[in-house]
Each structure stands twice: as structure tokens, then as C-alpha cells.
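Only one chain is included here, represented as C-alpha cells and corresponding to the form predicted on its own.
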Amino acid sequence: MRSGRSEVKRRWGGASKLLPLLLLFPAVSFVLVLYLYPLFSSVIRSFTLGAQSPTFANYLKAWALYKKDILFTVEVALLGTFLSIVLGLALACYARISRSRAARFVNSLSRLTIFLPYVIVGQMMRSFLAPHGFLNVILANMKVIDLNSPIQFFNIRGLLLGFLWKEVPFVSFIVLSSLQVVDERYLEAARSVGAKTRHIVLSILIPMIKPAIIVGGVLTFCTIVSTFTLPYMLVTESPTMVTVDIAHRVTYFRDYGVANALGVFLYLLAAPMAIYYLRRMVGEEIYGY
């Protein structure tokens, strides 16, 4: 009887060790197939040109043809991320501190943009920012501009407006989720000693939610770098973003080597943010800092 029980225990013990691996298998397979395989494949193909391998010819050609676009992508990503964080923080802090109906209405209204895909945002922005679109017509009626020489938004200005319209509510949502758990007694104590709103925000709230700000910044930066639809629909002149160049190299030239080289540029651009984010999250999880 005892030998039978030990045999059953031995079998179930082996199954219990195998069960975590079976549960992890779908997630690990998903990451390997959809992320790691395209990454390594893109890197390898970027160093291949016909029968020549390895070669830096694709990178040299990509830099010669699209140097301005690469720098433009970096500029848009940095500016868009910085402005999204600043405006998202302001919106979240306003919704957290203010108890007015206006604050609740603005907070609820801003959430709608999170669920809209970029293709819809791009089409809306094209209509809104067109030379004779809604914004220029309003400005002309206010006698701010002459409609015969409207403000041109199909460039970096319109692109940043589109990204901000989409990403500011996203950052605000992440930050506000952390602000909601801040004990109200901290704010009441600060007000009791005469602290103004700006002191409460800068000295109490922001230091307590740094991880949420970092998460919002990393996700916003990677989203801006990887978005194709918005720059394709809003930027009608050079320079444009690298994602549009990749599509053009594949669609019109079938030049997969240069397209993969441009993709590696984007990987390198997003890698520092991703590494910092992972180190920060792992440090908090293991070491508590």
C-alpha cells in the first residue's frame, strides 16, 4: 500500500514540476514567434546584400538616403514624449486635486481618445488641420489669419498635435491611477502649513509617482517611434518618419535590405528606453528601489 502511494506521489510530483513550464509555454512561444524571431531576422537581413554577407552597404545606403528622416524621427519622438508627459501630468494632477464637475468632465472626455486607433486619429486630424480645414477656418473668422495664406500643419506641427491628442490622455490615465492611491492626508497636511498647489504637485505628488511617469514615458516614446499611420497621413513633405520610409522601400523598391537596416535604427532608438524600463521594474521588484 505504501509503495503504491509513493508511486502516485512520485508521478504527481513530476507533473507538478512540469505544470509551470506548460503554463509558460504559450506566452514564451508568443514572444519568440512575434518579437524575437522578427528582431533577429531583421538584423541578419540588414547585413545581407545579394550574395554579400555580412556587409554594411545597407546601413550606408540607409544613412545616405534617410539621414534627415532618422534625425526627424528622433526629434518627433523626444518632443512628443516630453510634451505628452508634461501635459499628461498637468491633466492628471488637475483631476486628482480638483473636486469640481469640470475636472471630472475633462477627465472623462479625455479617456475617449485612448480607444481610438491611429488611422481614425489621422483622418480626423487631416480634416481638422487642412489648409482650409476646421482650425484654419476658425482662426480666419477670428481675424487671426488670412484664409488665403493659412497655417500649414501637414508637417512636424500637425504631427506633434496628433500625437499629443492621442498620448496625453494615455499618460494622464497611467499617472492618475497612481495618484488615486496617494493618501489624502498628505495633501491636507501640506495645505495646513500653507503649501500652494504647485508645491503640492512638485514636492509631494510627482516624487511619489515616479515609476508611473517612467512607464508612461517609455510606452509613449515607443509608440511614437513605431507609428506608421499618423506620419503617413499628416506629413506631406520631407522629412518624414522612418516608418514611412520602411514602407516605401518595401512597397515601391522591394529593397528589404535597406528596409531592415532602417528597422534596426528603430530598434536601437527604442532599446535604451526599454532597457531602462526593465532595469527599473526589476530593481523595484527584487531590491525595492
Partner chain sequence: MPQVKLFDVTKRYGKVTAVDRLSLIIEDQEMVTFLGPSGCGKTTTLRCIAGFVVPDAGHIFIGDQDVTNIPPERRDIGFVFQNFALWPHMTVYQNLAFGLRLRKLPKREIKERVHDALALVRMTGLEDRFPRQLSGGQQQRVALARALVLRPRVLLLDEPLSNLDAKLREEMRFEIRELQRQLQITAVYVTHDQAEALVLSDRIVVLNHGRIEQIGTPQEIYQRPASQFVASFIGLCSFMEAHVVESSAERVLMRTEDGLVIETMSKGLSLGQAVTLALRPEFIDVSWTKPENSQNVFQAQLVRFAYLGENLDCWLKVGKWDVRVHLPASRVQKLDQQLWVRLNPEKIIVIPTEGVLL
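Model, not experiment: these values are computed from the prediction. Positions refer to the first chain, counted from 1.
Below, we turn to the form predicted together with its partner chain, even though it does not appear here.
Of the candidate stretches 111 to 119, 140 to 148, 192 to 200, 93 to 101, only 192 to 200 has residues with heavy atoms within 4.5 Å of its partner chain in the predicted complex. In the predicted complex, no heavy atom of Ile214 sits within 4.5 Å of its partner chain. Within 4.5 Å of some heavy atom of its partner chain in the predicted complex lies at least one heavy atom of Met208. Residue contact with its partner chain in the predicted complex: His132 places no heavy atom within 4.5 Å of it. In the predicted complex, at least one heavy atom of Ile204 sits within 4.5 Å of a heavy atom of its partner chain. Looking at 173 to 187, the residues that come within 4.5 Å of its partner chain in the predicted complex, counting any heavy atom, are Asp183, Arg185, Tyr186.
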